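Same protein, same chain, two forms; see structure 1 and structure 2 below, as structure tokens.
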Structure 1
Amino acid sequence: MTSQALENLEAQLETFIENIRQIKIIVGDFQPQGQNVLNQKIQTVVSGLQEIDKLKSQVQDVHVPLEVFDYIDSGRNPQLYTKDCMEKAMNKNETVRGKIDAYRRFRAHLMVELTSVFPAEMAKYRAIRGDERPMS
């Protein structure tokens, strides 16, 4: 898939949306003499759908997370999905970083306490682990 294919699809969709908007205006204030214009617009919409259908093979490998559709259904901007995912990832990262730091502090404190209670065993443990630095 190329960016050109996406740009073509985007242009076709924008044209389609504009034609639908124009049909809405025509139908909203329908006059019998406007029937030909309405028929032409409907034919344009059908042609536009055919063009969009032709483009589908070029963009089949695009995978959209289902949550994006939830954003659209709830009236939210789908571009906010990426922002929200990044914020969630950053918050989770901070939480995990805090846990890692807490475990490191706990391990250091545990090693100090174990060394004060079991100095010989802890010396052997540090020798086995290759950690010869004294615990403070």
Structure 2
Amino acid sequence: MTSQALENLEAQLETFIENIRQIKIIVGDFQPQGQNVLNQKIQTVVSGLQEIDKLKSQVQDVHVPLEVFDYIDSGRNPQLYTKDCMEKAMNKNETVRGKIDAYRRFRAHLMVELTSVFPAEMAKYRAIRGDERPMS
């Protein structure tokens, strides 16, 4: 449903832009006999805006991240935003995985060292925690 609505909106916007482009050509080198055509085109602009306004209710659920607008404003491809997002997510995932790994190794190492220094206390600690996790 949303994809169909987006396609309709895209088609309507393309038609609108094409109409504006035709007005630009007519106005670029205006001839008196083109006045009626220009008036028709202006009315088409208004009807195009009405059609686009009608379509807005169908795409209200579509959310666009604001960062995409920054890409578009700087003339960049918005697909790069998706690509950058996924790469950032991958990198962050790997960073956090590395941290979790480091903490696990530190905990295991600490348990080994503490057991060697405080065996009785560590035995109590493990009994309290019900720790079934391996030390290494």
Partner chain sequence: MSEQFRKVEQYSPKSSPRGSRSPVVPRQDSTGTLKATISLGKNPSIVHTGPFYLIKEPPTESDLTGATNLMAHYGLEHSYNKSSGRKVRDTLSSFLPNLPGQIDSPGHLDNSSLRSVIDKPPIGGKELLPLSSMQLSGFRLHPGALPEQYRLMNQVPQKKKHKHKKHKHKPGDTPSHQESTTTSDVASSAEKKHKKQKRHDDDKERKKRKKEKKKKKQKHSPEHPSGSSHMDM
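None of these values were measured; they are calculated from a predicted model. Here, rigid core means the biggest group of C-alpha atoms that superpose within 1.5 Å across both forms. Structure 1's sequence is the ruler for residue numbers, which start at 1.
Between the two displayed forms of this chain, it is structure 2 that matches the form predicted together with the partner chain. Taking the rigid core as fixed, one finds a CA shift for Arg21 of 2 Å or more between structures 1 and 2. The rigid-core alignment places the CA of Leu49 2 Å or more apart between structures 1 and 2.
Of the two rigid parts of this chain, the smaller turns against the larger by 12 degrees between structures 1 and 2, per C-alpha superposition.
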